[in-house]
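Take a look at this single chain in structure tokens; it is the form predicted alone.
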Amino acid sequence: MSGALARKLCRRLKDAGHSAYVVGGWTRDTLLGRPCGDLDLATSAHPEQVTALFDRVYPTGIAHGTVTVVEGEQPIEITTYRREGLYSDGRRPDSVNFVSTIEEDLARRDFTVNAIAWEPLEDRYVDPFDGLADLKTRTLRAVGKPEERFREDGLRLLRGMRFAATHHLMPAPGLEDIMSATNGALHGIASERIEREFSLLFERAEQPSIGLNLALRCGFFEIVLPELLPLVGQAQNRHHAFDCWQHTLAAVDAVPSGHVAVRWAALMHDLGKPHSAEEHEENKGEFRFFGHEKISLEQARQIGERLRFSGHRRRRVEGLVATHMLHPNDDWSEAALRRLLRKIEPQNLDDYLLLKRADIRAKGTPDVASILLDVDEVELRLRAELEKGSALSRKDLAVDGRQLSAALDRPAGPWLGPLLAHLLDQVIEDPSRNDEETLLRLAKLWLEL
């Protein structure tokens, strides 16, 4: 569908005397036979000329020569061929100048695999930097001088990390050395852009560890995620085949792509281990990590604030990190399972189980298969509890604050919160207590204490 749409748009531009090409990720991923994202065009037409040719046009990046054309329900960014000036702040060009050819436009791109243009009307490619060859050999190579590309915009370093993993691209000889030498450019990158690159890595890569290890080798984490560094080389114990860093990578990889929040939680779930490590008195070389989940949670909070996670993402990630050490088994009572569901919240059960299984697989020990079978059994019991419709939050109780205030003849106040929490505890212990008469009786007893 996008190919036909590209031909339609390029035909209209060409009939008006302009040249136009499909550029960016759509061209790259089509050549690789991968699912394609947004359709982007580059053209010799200036924004006002593009605007005159189409019905629904929005000036989404007019300062940089970009407008968005909407055809049906699909938005297409159309950008005038341009050359960018100096990047004095290491983030954005000081100036943008329109140019006349697609080759000049492609020269400003970051990597050769992203500097290929497709002319759909003649079905031909413009490839001035041998990006087609690099796609065949799965090589990550910068356009022009890599030092200049990375110092212009430090985000390109993180994009290189991401492309290495999402497209299985091997850095060209010497590129890693240059990425390491220019990693100071990351200091100028906004927190939101850092978060987005890692989130795209987690969304799209089958093995994010490829990119994460590249970031480690190139010294990126010292600047953007220093909390990860103590994990490297931190030994564990006989229950783990890997050190903390390798275990973390394996856990992130074990979470399916697309589950961004769960992968963030996998990245951060053991941050507290190096800070809580205690060597076993008898078994030298083995470590215990009592309470590490509390330290991990605090560091996850700090990272979420610094990288400006959305409120929704912060709650999901922090909840997963906080509960990853809860290991239910067949010995747990139904009440204990209900307490667990209350803690993780029913809507987060799938995420909890994803992280639980990933954490177990990342142990790398011979008992992994049997432990996963135990998780399967516990999952059946947890879902059975949900099917029963048991009360797991205050809103599920048969009484609310207004009813309690009226029945107990007391004005609403701070006393209601602890009382409702007590009543929920009582109902979780025994669901049969969740009727108005019983709850009011329990409320009166609690107030008399």
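Residue positions are given as counts along the sequence shown, with the first one as 1. Given the structure is predicted, the values throughout are model-derived calculations rather than measurements.
Just so it is clear, the following notes concern the form predicted in complex with a small molecule, a form of the same protein that is not shown.
**Q** So in the model of the complex, are 247, 319 and 357 all sitting within 4.5 Å of the small molecule, heavy atoms only?
**A** Judged in the model of the complex, none of 247, 319 and 357 sits within 4.5 Å of the small molecule.
**Q** Mark residue 29 yes when one of its heavy atoms lies within 4.5 Å of a heavy atom of the small molecule in the model of the complex, and no otherwise.
**A** It does: once the small molecule is placed as it appears in the model of the complex, residue 29 has a heavy atom within 4.5 Å of it.
**Q** Taking heavy atoms and a 4.5 Å cut-off, does residue 153 contact the small molecule in the model of the complex?
**A** Residue 153: contacts the small molecule in the model of the complex.
**Q** Can you tell me whether residue 114 touches the small molecule? I mean in the model of the complex, with a 4.5 angstroms heavy atom cut-off.
**A** Residue 114: contacts the small molecule in the model of the complex.
**Q** Please run the contact check for residue 162 against the small molecule in the model of the complex: heavy atoms, 4.5 angstroms, yes or no?
**A** Contact with the small molecule, yes.
**Q** I need to confirm a contact call. Of 301, 108, 308, 343, which residue comes within 4.5 Å of the small molecule in the model of the complex, counting heavy atoms only?
**A** The option sitting close enough to the partner is 108.
**Q** Of these, 141, 204, 292, 314, which has a heavy atom no more than 4.5 Å from the small molecule in the model of the complex?
**A** Only one option qualifies, and that one is 204.
**Q** Going by heavy atoms within 4.5 Å, which of 422-430, 19-27, 435-443, 6-14 lines up against the small molecule in the model of the complex?
**A** Stretch 19-27 is the one.
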